[in-house]
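The chain below stands alone and is given as structure tokens, in the form predicted alone.
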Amino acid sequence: MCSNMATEKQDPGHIAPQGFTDRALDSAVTLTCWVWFIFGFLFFFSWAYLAAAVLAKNPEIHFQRLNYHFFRIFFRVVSTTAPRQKFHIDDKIAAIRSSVVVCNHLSYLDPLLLIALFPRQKTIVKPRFFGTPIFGWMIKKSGYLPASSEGHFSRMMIEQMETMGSYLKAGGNLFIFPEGTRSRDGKIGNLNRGALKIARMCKTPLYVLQLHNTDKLFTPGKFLFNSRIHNDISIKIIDHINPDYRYNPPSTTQLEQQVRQAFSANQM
């Protein structure tokens, strides 16, 4: 144990070989987070979602705000049970409104973290999740978009795109991970142009965010959180692209080049 802790101090990102105590701690933290996901939803949030679905004139707004509060509490649970995980969030991010937000993708925690930052949020979700009991109903009611426009997702995509302009003008944000999948080596992969086309179509600003180290807490391919390591999780704005859509509208290619330059200039 002493040698493991010494190694952690020398290299905060280093994940030492796990002993029984380490695995027990990681299991306890992971279990606590799952308890919040299941029982926190059932006992504290399910009734609010049902009320919004039945009574609200615009359920989408209420669902997005409930998602925001649910995941803010989730990250408080993470911070409390895994105090070695330090979160450093750029204060300016909370002020972002009426924008398309693009971010690098490292872990399944990433979309949860962004939901916890924006009270009004939409994002693009893999089609298979729309068929999941309860969760599929919630993401549909939240106005999230399917990553596919084929088959029965076609009508859903059309409906969302028809109202996207008014949603963004009213202060909502659309956040997207343009790589489409989690990076395993930290390098930026191919960028999907969907978010850039939406920004161009709706004439909205683009914010480029950079996440660091969510994958060290929740590593792709692993079930348990690495709660015992010293880890700084950060998210910051690395570019704000506000084109002159009226007199000098950029092409999708130009927007992609600006986004890629921002990521490349800030790569660690």
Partner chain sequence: MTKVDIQDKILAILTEDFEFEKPGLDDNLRDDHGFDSIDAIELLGKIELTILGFSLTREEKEKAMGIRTINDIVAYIEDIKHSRSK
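Just so we're clear, the structure is a prediction, and the values are computed from it rather than from any experiment. Numbering follows the first chain given and starts at 1.
FYI, the form predicted in complex with its partner chain isn't displayed, but the following is about it.
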{"query": "Ser149, Gly194 and Arg200 each touching its partner chain in the predicted complex (heavy atom, 4.5 Å)", "finding": "yes"}
{"query": "Partner-proximal stretch of 131-139, 83-91, 108-116, 150-158 relative to its partner chain in the predicted complex, 4.5 angstroms, heavy atom", "finding": "150-158"}
{"query": "Thr252, heavy atom within 4.5 angstroms of its partner chain in the predicted complex", "finding": "yes"}
{"query": "Residues in 33-70 with any heavy atom within 4.5 Å of its partner chain in the predicted complex", "finding": "none"}
